[in-house]
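In the form predicted on its own, a lone chain appears below as structure tokens.
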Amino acid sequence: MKLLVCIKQVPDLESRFKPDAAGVWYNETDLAFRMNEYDEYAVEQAVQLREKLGEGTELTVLSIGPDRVVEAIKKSLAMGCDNAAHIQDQAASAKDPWQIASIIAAYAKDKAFDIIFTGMQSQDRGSAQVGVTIAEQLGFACTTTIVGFDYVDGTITAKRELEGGIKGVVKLKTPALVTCQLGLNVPRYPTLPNIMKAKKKEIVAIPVADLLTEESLTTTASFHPPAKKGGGIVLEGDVADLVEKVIAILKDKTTVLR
């Protein structure tokens, strides 16, 4: 059985964000990067299935991006993936979800993967379109936002998170693609022995030009932080004094008490 898990390296949410000079993406100069959180759940679920199925199962991890994404790939290998494909693309952030999905589908189309795992969405672009578009292009069955997964004899049983806390259960035959959500599992921390083993695993580098045949369907017109609003006022002191201060501010600055 052949499994594929797709991951993305994204800016760490603790980083300081600002638009780049072109105003269409982040300025990456001072950013730290990490694996997309939703993709970590996808990797963990793929590794759990790999361990369950045992010998004869191969798990490949794929990522698109510049040289720095190799760090995220190595983490996936240390978590238990068997081998990796790095689609080399210095301008991955400029590609729309249609192009990214097309690149992955072009890579996967002749590999006979049985199940593809992706995160529900990326934390930087947040389109939630790549996984379902890959499935459409490959003709795979697909279900999204899964928080439960089981596989038996060619059939996936997935629990999906719906609105209002309601869960839905779906069954689908392989080949299939699933997108993974918070609550599906607890991603493991790579152990030192597995980190050392990962250094010996193969990472195949593929130029993006070998796979990209589609033009973008959308372009980013602008990219900017929210408009700054007026500053707040911090009041300190005894409660009785604070009440008087608040009343005075409401009378002076608003029409609430007029």
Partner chain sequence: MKTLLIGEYREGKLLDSTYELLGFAGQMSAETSMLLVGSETQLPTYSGTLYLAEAATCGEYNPGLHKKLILEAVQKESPDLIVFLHSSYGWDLAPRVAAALKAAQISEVIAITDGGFEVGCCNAKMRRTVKPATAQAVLTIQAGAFPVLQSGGTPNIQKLTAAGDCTLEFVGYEPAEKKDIDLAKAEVIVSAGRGIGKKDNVPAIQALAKALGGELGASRPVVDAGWVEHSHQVGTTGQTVSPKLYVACGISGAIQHLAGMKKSDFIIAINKDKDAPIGEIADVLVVADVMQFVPALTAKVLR
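C-alpha atoms forming the largest set that superposes within 1.5 Å between two forms make up the rigid core. Numbering follows the first chain given and starts at 1. Just so it is clear, the model here is predicted, and its values are computed rather than measured.
What comes next is about the form predicted in complex with its partner chain, which does not appear here.
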Original post:
Hey, in the model of the complex, does Glu58 get a heavy atom within 4.5 angstroms of its partner chain?
Top reply: no
**OP:** Flag Asp110 as yes or no: does it have a non-hydrogen atom within 4.5 angstroms of any non-hydrogen atom of its partner chain in the model of the complex?
**Re:** no
Original post:
Going by a heavy atom distance of 4.5 Å, is Ala91 a contact of its partner chain in the model of the complex?
Top reply: no
**OP:** Could you confirm whether Thr29 comes within 4.5 Å of its partner chain in the model of the complex, counting heavy atoms only?
**Re:** no
**OP:** Establish, in the model of the complex, whether Lys2, Ile64 and Asp82 all lie within 4.5 Å of its partner chain, using non-hydrogen atoms for the distance.
**Re:** no
Original post:
Out of 169-197, which residues reach within 4.5 Å of its partner chain in the model of the complex, heavy atoms considered?
Top reply: Val169, Val170, Lys171, Leu172, Lys173, Gln181, Leu182, Gly183
Original post:
After a core superposition, would you say Glu244 shifts its C-alpha by at least 2 Å between the shown form and the other one?
Top reply: yes
